[in-house]
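Taking the form predicted on its own, here's one chain by itself in structure tokens.
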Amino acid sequence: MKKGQNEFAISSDQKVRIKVIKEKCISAGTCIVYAADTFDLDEDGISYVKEGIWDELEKIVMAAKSCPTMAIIVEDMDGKQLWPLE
């Protein structure tokens, strides 16, 4: 399993964490269109969170919003869910 799949990956600057619900991902790839420095697809076409410097928060949230199956969860470091909205 890749980083961020079914468990939270934490940004290097400790400002946000992201989880991709592997079973919900349908390989649409819209997350990569919006946040290519944050997301990629693994060998099975499932989204995961990349190592290194991520995109700015606005792009990450847009990427999560673009997911047709709502497979991406974005939280701040206090556990407040930024997307999907609770």
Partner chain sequence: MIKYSIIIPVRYINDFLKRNIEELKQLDYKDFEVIILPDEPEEFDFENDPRFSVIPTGTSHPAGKRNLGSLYAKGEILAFIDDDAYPAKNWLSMAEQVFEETGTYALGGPAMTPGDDCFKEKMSGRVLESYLTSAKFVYRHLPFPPRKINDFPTVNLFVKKDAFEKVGGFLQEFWPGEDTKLCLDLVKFFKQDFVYDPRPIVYHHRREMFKPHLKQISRYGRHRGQFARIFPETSRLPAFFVPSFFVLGLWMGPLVAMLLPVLWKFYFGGLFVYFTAVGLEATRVAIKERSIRAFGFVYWGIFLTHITYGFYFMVGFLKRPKYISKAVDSSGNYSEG
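Just so it is clear, the model here is predicted, and its values are computed rather than measured. Residue numbers count along the first chain shown, from 1.
The same protein also has a form predicted together with the partner chain, omitted here; what follows describes it.
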So, a 4.5 angstroms cut-off on heavy atom distances: do all three of S27, K65 and M70 pass it with respect to the partner chain in the predicted bound form?
yes
Even though the partner chain is not shown here, does Y48 get within 4.5 Å of it in the predicted bound form, heavy atoms only?
no
Taking heavy atoms and a 4.5 Å cut-off, does Y34 contact the partner chain in the predicted bound form?
yes
Listed by sequence position, which residues of 35-51 have a non-hydrogen atom within 4.5 angstroms of the partner chain in the predicted bound form?
E43, D44
